[in-house]
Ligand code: BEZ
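Only one chain comes next, encoded as structure tokens, the form predicted on its own.
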């Protein structure tokens, strides 16, 4: 056998092996949440369901706690096909598809159950259609965390007391714009840094959901907990558009069914537990102040005015929310 023939056979074998490896169905999914978090547990359950539905052909390796990077980095990996799937905050998606900022409209949801119904509307579902073209990902459905509250190291009786406070936020424009309108000094900060930052006074206050205020004991360093429920915090289940393109219709249907089922369970869990977590925080004896839209004064109208220009879906989503009151 000629040397060139041997080389050609070796190259062919290598390419065949690479092709087999590339089409292997050991999918990877990334999250920023720790292993114990509801989103991460949902990813684990999704993997088990997908494995069962495929008769063992598909497996899923879950990478929680920012093991693959922050959300911006994971979204880039989805766009290139280096990462197969992710559960990401809608806030991160809104950085690339501003229409999704509409989900953060102050008091879009009346309560946690209403938030769950909004995420299940046709209007919310239709917004996912723009993701392949604008972001390079396929959105299969929504989950969520709880409604947002404010924890402060000092006394807060009015919105004026928030003026100038370094207030930790998730680093996304809709939330940044809200607290700028309130007059606070919004301070972007990743979740792992929040406890120490609040404890040592690096920040004066934080924007957080009741689950983490309770479970991560942020209330320990608080003088005031504002139960404001002022904003939803949705999550979206994503698949790389490049990966999706290479899947069979059968596999697409299987993944969609399994992921949507788990995302629905996430919504149901928060609807059932969010008020309970807030009551547990209330039971700690910290100063606990229940506030509504009037507390924030003109800041809500200012946010709406800005985001009606940034998101073409704000009016549509408010109408959908009104229809499922």
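Residue numbers count along the first chain shown, from 1. If you're wondering where the values come from, they're calculated on a predicted model, not measured in any experiment.
One more form of this protein should be noted, the form predicted together with the ligand, which is absent from this view; the next part is about it.
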{"property": "Listed residue (208, 184, 127, 118) with a non-hydrogen atom within 4.5 angstroms of the ligand in the predicted bound form", "result": "208"}
{"property": "Heavy atom within 4.5 Å of the ligand in the predicted bound form - residue from 138, 212, 232, 83", "result": "212"}
{"property": "is_contact(residue 37, the ligand) in the predicted bound form, heavy atom dist at most 4.5 Å", "result": "yes"}
{"property": "Interface membership of residue 240, the ligand in the predicted bound form, 4.5 Å heavy atom rule", "result": "no"}
{"property": "Any non-hydrogen atom of residue 32 within 4.5 angstroms of the ligand in the predicted bound form", "result": "yes"}
{"property": "Residue 227, heavy atom within 4.5 angstroms of the ligand in the predicted bound form", "result": "no"}
{"property": "94, 105 and 311 all contacting the ligand in the predicted bound form, non-hydrogen atom within 4.5 Å", "result": "no"}
{"property": "Candidate stretches 130 to 138, 165 to 173, 197 to 205, 219 to 227 - the one whose heavy atoms come within 4.5 Å of the ligand in the predicted bound form", "result": "165 to 173"}
{"property": "In the predicted bound form, residues of 260 to 287 near the ligand [heavy atom within 4.5 Å]", "result": "none"}
